[in-house]
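In the block that follows, a single chain appears as structure tokens, in the form predicted on its own.
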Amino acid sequence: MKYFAKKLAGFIATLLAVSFLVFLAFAVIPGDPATAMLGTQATPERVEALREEMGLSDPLAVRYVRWAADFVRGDFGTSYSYHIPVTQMIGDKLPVTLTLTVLSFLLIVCISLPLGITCARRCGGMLDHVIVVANQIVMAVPGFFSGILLTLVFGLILHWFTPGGYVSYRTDWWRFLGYLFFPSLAIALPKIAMTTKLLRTSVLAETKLDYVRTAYSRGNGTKAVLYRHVLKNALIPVMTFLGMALTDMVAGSIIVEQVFNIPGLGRILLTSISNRDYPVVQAIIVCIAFLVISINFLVDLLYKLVDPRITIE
């Protein structure tokens, strides 16, 4: 319980710090949202009146507290460019980015764990050498370039999907998932290679420890030792990497969305940055930060479940 309480306190403190830094960054960036909104009709009087209406003339601390209180209640403000609630804009796009990220993570887990275990069990064999070489090649290719290659091979040559033929989850859920498969694979490929290599190394390192020899001396078979003893300890560094990979995929999905023309958070984020639409950018960044911090928090809790010996220290 003490472990959970301290992790929860750290979670809340980190989220508050990130939200304040995000708010502060956009508060000190050159450029006046009121002037941008008025455009050619901007006069000193109109700009000042609009700043008063938007609350931009209040002290920074007052604006942050008001913004944070509204954010907690689910009110992310109104878009300067589109004049609609930011909550509505994000609500339409967030399921796309989240589905893309979750699908990528599932591909990593379902592919890399069996591969890593297979490589460790057949260390030095032909299959192990082939997978190790393939891993090195895949790790050298960034996700966005993998997306271009997948589009060329499976979209333009094999016609397994239609590039740019995005199907909304509101229209057809299964076709939506089908279209997201290759973008998810583009995000997942480098992480699959890294996770496979890490698990292989971790399993091989564990098999050289004394407790493994003790387990064999008690009459346990290879599979029993591997799945009951070795994997339990070998998965801890892998879980750390998977947590980092999942947080990285949240940002990576925004980049891959541009390659596959997916209308997720990435598109409105880039557009809002260009238009200085600060409420939208702030809300998206804080939402992404919340996802990243939540993932790290859950990973820390999983550590405790996998190995109860882990303490807050």
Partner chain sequence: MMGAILTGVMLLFVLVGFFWTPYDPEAMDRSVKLAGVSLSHPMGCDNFGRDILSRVLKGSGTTLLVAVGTVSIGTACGILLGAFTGYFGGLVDEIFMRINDALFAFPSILLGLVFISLLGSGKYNVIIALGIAFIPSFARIVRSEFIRCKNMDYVRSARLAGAGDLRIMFVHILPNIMTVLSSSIMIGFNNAVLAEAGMSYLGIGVQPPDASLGRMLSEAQTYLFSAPGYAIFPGVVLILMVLGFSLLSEGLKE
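Remember, predicted model here, so these are calculated numbers, not experimental data. Residue numbers count along the first chain shown, from 1.
Unshown form predicted together with its partner chain; subsequent notes refer to it.
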Every residue of Ala68, Leu94 and Ala283 near its partner chain in the model of the complex, heavy atom within 4.5 Å: no
Contact label in the model of the complex: Tyr64 to its partner chain, heavy atom within 4.5 Å: no
Exercise: Leu298 in contact with its partner chain in the model of the complex, heavy atom 4.5 Å: no
Touches its partner chain in the model of the complex: Ile148 (any heavy atom, 4.5 Å): yes
Contact test in the model of the complex: Ile84 vs its partner chain, heavy atoms, 4.5 Å: no
Answer range among 173 to 181, 95 to 103, 110 to 118, 136 to 144 for contact with its partner chain, defined in the model of the complex as heavy atoms within 4.5 Å: 136 to 144
Stretch 253 to 268 - residues with a heavy atom within 4.5 Å of its partner chain in the model of the complex: Ile254, Ile255, Gln258, Val259
